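Single chain ahead, by itself, as structure tokens, in the form predicted alone.
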Amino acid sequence: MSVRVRMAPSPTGLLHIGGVHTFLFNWLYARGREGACLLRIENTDTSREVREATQQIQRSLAWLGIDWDGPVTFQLDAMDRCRELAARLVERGEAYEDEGAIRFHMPDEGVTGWDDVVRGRIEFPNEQLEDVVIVRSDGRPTYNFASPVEDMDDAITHVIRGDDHISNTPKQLQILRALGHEPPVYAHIANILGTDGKKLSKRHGAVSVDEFRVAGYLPDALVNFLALIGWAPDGETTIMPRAEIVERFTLEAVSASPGTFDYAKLDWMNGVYLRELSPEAYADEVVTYLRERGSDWPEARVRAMAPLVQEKVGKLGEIPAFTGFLFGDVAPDPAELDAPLLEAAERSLAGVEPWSAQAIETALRQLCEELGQKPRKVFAPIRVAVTGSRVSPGLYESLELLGRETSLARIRHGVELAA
């Protein structure tokens, strides 16, 4: 039997990282078994629908490289099919009309259960299951009817979803069996928690996929990080190429316990991915990122700057603040400047030829010897005068890229500020 799964987001809000985590597990399971992964927009709750959500969901998944098979479908498109099946259940006495709506008869005795791939055997006493509405009085099918009907019609073999759907499962099982369909395999994965042990939310930081993109995370790093929340191939491996994750992923290795979204670990992992890029690929990522943010920085200088920061930043979003001195004026703090030292630096650098990082380093180290000072003491005010900050890319490389004229002008201005 060929594996068929579905990603079924609701357009009642923008796609958040918890939803992506669930979609990723569906995608990994299908792709690792040459199966199909469908994308269904579950839009039966029209009162809460957010207009731009459907496009944002697709855009976010595409950016992450989580693709789907066939066209995107919409749950409301199956309204006629659901009404037809509901009428059939009414005819057979398995459903009944109630104030214009249609309710499904739940059994009164026994239990409804299933063998959950992640959680083992789960059972609900039938006496606790209310007769669920399957078609509203306005003719719209409810989620608990439309979803299993579409799972049936789409020949879904595995339903992989969040554990907040566990309470829906016995209702959907009973409906599918009444429709004469063998239910799919269910796997309910745990919620993601923040480092404080509470459900991941805005208070922990970014949660929508768009926010992670703006912050400058790489899709492959984010996918690698999310895959390891609640799943571990061996308990040791952390950095895994996407193809290896697909190959090794199994539902049986998914934990039933909630995983933790550790931003520090994500930042570390993203930094690893950035540093592993070739210089050319890294420069491409930087150029693309800045262009998407509306930056007008000259591309040639951006590409020249990229090698200076590849080992320094953990997210592309850190680059504008870290390297802005290369593209605009700076405002150094006079308290961090030293006029006599900067005057000496200006004299030392004025005759450097050629204006290269190597020649600049030679001149500045010679200055340290002449002044009898350690490089840290000498370089700090120069760095502040030139970059506006105590933290910057390599000083020699930064001076080279800025050019002789701009570098010396900023050092002279530093002397004036410190005087």
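None of these values were measured; they are calculated from a predicted model. Counting begins at 1, following the sequence as shown.
Only in words, not in the display: the form predicted together with the RNA, which the text now covers.
Annotated contacts: 62, 177 and 300 are all free of the RNA in the predicted bound form [non-hydrogen atom within 4.5 angstroms].
Checking 334-342, 279-287, 308-316, 207-215 against the RNA in the predicted bound form, the stretch whose residues place heavy atoms within 4.5 Å of it is 308-316.
Proximity to the RNA in the predicted bound form, defined as a heavy atom within 4.5 Å, holds among 173, 106, 187, 228 only for 228. Of the residues 240, 246, 251, 101, just one reaches the RNA in the predicted bound form with a heavy atom at 4.5 Å or closer; this is 101.
Residue contact with the RNA in the predicted bound form: residue 393 places a heavy atom within 4.5 Å of it.
Although the partner is absent here, residue 268 sits close enough that one of its heavy atoms falls within 4.5 Å of the RNA in the predicted bound form. In the predicted bound form, residue 74 stays away from the RNA, with no heavy atom inside 4.5 Å.
When contacts are judged by a 4.5 Å heavy atom cut-off, residue 219 does not count as touching the RNA in the predicted bound form.
Taking the RNA as it sits in the predicted bound form, the stretch 246-277 comes within 4.5 angstroms of it through a non-hydrogen atom at 253, 256, 257, 258, 259, 260, 262, 264, 265, 268, 275.
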